[in-house]
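Quick setup: one chain, the form predicted alone, written in structure tokens, and binding and motion questions come after.
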Amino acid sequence: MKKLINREAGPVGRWALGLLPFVVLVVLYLVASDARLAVNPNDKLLPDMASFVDAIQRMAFEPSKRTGEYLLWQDTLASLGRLALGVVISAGIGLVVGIATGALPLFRAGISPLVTGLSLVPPLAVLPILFIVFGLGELAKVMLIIIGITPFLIRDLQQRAEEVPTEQIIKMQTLGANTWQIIARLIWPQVMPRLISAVRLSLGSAWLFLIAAEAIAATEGLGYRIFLVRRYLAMDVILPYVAWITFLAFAIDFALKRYSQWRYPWFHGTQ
């Protein structure tokens, strides 16, 4: 008999074990909802499934009586646009500055302490400053994402650049490579898969900063909608929105993982 530490689940087993916690949570919710509704049929804290279906139908498949828009899709496009812009800009800055601080000692000596200091500043603490400086438009929301995750990306990529074996750098110098050639042909390819991994790890924080910014100053977006309906205790809307945000985050993470495995199989140890 194999020891527990050596036992692995097959493809079907991995799916089953992965879905099990979600099934347990759903069952627990249904039991708790039935218990509360049996005591108070008008309870709003734990709505039944019929309430969720009605809310999803109203938000996703019926145009708003006020604007004529399908609110769920309008909010989704607005939030994904802000998230994508913030993450792409952060990834670009993180890649350039991370490689520079990791590969160039003089640059690291001047910039790395600043990056370390910025990474310790709570991004939500500067949110009022962003609204004062950039106004209540889209720029402030995107800037919060950038300020929130860029220092983490820079530090992670700097570490990866510093981990490039010195022997490889010496060999390229022996063959006549200059600094730019070493960065472009040696360090850059080794850092790129780490960039995707770092972006995947920062997605949760990016969503947090986005939802916080939308909750305070926005007229559309997933975070805006959640905080708008909270005053009515509309859990039949809030919970599906939270589940939808979770699904979107999972889908983005899954897509990045698959792309990284396809583009950089050597990094994942696959063929």
Partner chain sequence: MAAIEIKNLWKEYGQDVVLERLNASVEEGEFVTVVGASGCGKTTFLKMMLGTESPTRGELLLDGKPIPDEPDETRGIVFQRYSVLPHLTAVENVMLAGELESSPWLGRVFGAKRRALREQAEEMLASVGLDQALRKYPHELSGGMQQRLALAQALIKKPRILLLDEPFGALDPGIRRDMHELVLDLWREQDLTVFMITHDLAEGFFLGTRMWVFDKERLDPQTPGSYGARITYDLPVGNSDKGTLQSISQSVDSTARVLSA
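Small disclaimer: the values here were computed from a predicted structure and weren't measured. Numbering follows the first chain given and starts at 1.
Only in words, not in the display: the form predicted in complex with the partner chain, which the text now covers.
Trainee: Just one of 159, 168, 197, 116 has a heavy atom within 4.5 angstroms of the partner chain in the predicted bound form, so which one?
Mentor: After the contact test, the surviving option is 168.
Trainee: From the list 143, 186, 103, 91, which entry has a heavy atom within 4.5 Å of the partner chain in the predicted bound form?
Mentor: Selected residue: 186.
Trainee: Taking heavy atoms and a 4.5 Å cut-off, does residue 109 contact the partner chain in the predicted bound form?
Mentor: Result no; residue 109 lies far from the partner chain in the predicted bound form.
Trainee: With the cut-off set at 4.5 Å between non-hydrogen atoms, does residue 175 touch the partner chain in the predicted bound form?
Mentor: Close contact exists here: in the predicted bound form, residue 175 approaches the partner chain to within 4.5 Å, heavy atoms only.
Trainee: Since only the chain is shown here, I'm wondering whether residue 190 would be in contact with the partner chain in the predicted bound form (any heavy atom pair within 4.5 Å).
Mentor: Answer yes; at least one heavy atom of residue 190 falls within 4.5 Å of the partner chain in the predicted bound form.
Trainee: Verify the contact flag for residue 181: yes if a non-hydrogen atom of it lies within 4.5 Å of a non-hydrogen atom of the partner chain in the predicted bound form, no if not.
Mentor: It does: once the partner chain is placed as it appears in the predicted bound form, residue 181 has a heavy atom within 4.5 Å of it.
Trainee: Heavy atoms within 4.5 Å of the partner chain in the predicted bound form: which stretch among 5-13, 244-252, 18-26, 258-266?
Mentor: It is 258-266 that comes within 4.5 Å of the partner.
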